[in-house]
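Here's a solo chain for you in structure tokens, the form predicted alone.
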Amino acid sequence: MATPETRHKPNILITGSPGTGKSTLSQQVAEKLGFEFIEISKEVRENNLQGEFDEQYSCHVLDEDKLLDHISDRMDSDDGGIVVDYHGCDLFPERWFDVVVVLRCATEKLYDRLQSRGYSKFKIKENVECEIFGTLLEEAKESYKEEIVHELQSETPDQMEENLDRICEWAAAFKNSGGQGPQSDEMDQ
């Protein structure tokens, strides 16, 4: 089982409310670093890792055990170098990630983005409230060592570019430090 000390490259989780840009940023990070990209929603759809359909949320319920079994060999590899994109983080084992990025967005912008995606009023309300209360950031801080959790604003193309650069800098620092990359306060400067 890999640890930050044995991994050659960091594993990175990018999380946030739907509409914060996590899929776009995750894919850009993976491409720029030459890392594997695991888009959880795609893995679930393509590998039948869901349970029953939830009418209220208009989506299938994730079968967490099936998902974790499905990706565990890749995540526990000593090589590392995996970027995972998902809107939650408390289901993943703490040992899998060396950095957790929580993308945030102003609620007005988030509302507009979700509305343009055709989300129901209920689903928009749930996601905007999640953003208002910082639910995903709190979840990340409760699930992982706080020093590996990084909150980044994701509202403009400039911020997306800055976030890409920060994460790539952190990955380089991880490689050069033998798994002891910069702490949260160093990355957020």
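Residue numbers run from 1 along the displayed sequence. Not measured: the values here are computed from a predicted model.
FYI, the form predicted in complex with a small molecule isn't displayed, but the following is about it.
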{"item": "Close approach of residue 155 to the small molecule in the model of the complex, 4.5 Å, heavy atom", "value": "yes"}
{"item": "4.5 Å heavy atom contact, residue 113 to the small molecule in the model of the complex", "value": "yes"}
{"item": "Residue 20: touches the small molecule in the model of the complex, heavy atom cutoff 4.5 angstroms", "value": "yes"}
{"item": "Touches the small molecule in the model of the complex: residue 160 (any heavy atom, 4.5 Å)", "value": "yes"}
{"item": "Stretch from 120 to 128, 22 to 30, 66 to 74, 142 to 150 whose residues place a heavy atom within 4.5 Å of the small molecule in the model of the complex", "value": "22 to 30"}
